[in-house]
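Next up is one chain by itself, shown in structure tokens, the form predicted alone.
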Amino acid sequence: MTKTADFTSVCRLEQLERERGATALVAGHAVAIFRTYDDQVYALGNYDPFSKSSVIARGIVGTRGDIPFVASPVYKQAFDLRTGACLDDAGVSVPAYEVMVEDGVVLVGPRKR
């Protein structure tokens, strides 16, 4: 169970465009936040380990089967929005963070295990 006190308010849900990313600074980490077409909200680390640049929030959102992902805008590796795992290289991942929406406010919490 997660305590609300561990979460940081980043924006209102309606401020996030569907299928686009935005960045926020949460507990000293640049986090890429995504709202999918079905209003699910995800948060990943914004740093792309392949291009070694902070660009994940500018990636292309899509699905592979049932897996929502973002493709890095540089070399196009896809990262699972739920877990941060790279779908193209099982040995690579980016941090994934807990997210919740409360009273229309997006809150980003601790890094998932």
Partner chain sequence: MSTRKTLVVAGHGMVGHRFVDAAIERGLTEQYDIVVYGEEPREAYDRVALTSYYEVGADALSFLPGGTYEDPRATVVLNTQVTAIDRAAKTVALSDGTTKAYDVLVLATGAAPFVPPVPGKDLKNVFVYRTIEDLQAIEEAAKTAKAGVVIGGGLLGLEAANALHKLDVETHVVELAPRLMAVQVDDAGGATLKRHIEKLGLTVHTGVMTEFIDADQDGVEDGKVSGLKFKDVDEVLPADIVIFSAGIRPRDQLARDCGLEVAERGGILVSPNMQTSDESIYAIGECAAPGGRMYGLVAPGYTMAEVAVDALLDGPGEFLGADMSTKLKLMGVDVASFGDAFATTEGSLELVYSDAVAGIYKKLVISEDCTKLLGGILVGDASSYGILRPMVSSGIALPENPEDLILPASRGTAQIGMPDEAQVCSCMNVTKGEICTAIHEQELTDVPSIKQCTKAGTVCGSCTNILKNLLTEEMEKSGKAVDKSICEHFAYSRQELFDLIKIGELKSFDAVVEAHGTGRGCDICKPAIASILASQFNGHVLDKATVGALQDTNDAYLANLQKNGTYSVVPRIPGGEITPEKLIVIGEVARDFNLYTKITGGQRIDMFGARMEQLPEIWRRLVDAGFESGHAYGKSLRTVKSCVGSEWCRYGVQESVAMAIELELRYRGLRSPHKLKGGVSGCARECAEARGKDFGVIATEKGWNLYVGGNGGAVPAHAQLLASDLSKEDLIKYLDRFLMYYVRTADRLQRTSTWIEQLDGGLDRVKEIVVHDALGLGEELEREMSRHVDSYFDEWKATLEDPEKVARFVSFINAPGTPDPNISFTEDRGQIRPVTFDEPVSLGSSIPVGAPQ
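Residue numbers count along the first chain shown, from 1. In this text the structure is predicted, and so the values were computed from the model without any measurement.
The same protein also has a form predicted in complex with its partner chain, omitted here; what follows describes it.
When contacts are judged by a 4.5 Å heavy atom cut-off, Glu98 does not count as touching its partner chain in the predicted bound form. Its partner chain is not shown here, and in the predicted bound form it never comes within 4.5 Å of any heavy atom of Asp89. At a distance threshold of 4.5 angstroms between non-hydrogen atoms, Glu102 is out of contact with its partner chain in the predicted bound form.
Under a 4.5 angstroms non-hydrogen atom cutoff, its partner chain in the predicted bound form has Phe69 among its neighbouring residues. Contacts of stretch 42-62 with its partner chain in the predicted bound form, defined by any heavy atom lying within 4.5 Å, are made by Asn46, Tyr47, Ser51, Lys52, Ser53, Ser54, Val55, Arg58, Ile60, Val61, Gly62, listed in sequence order.
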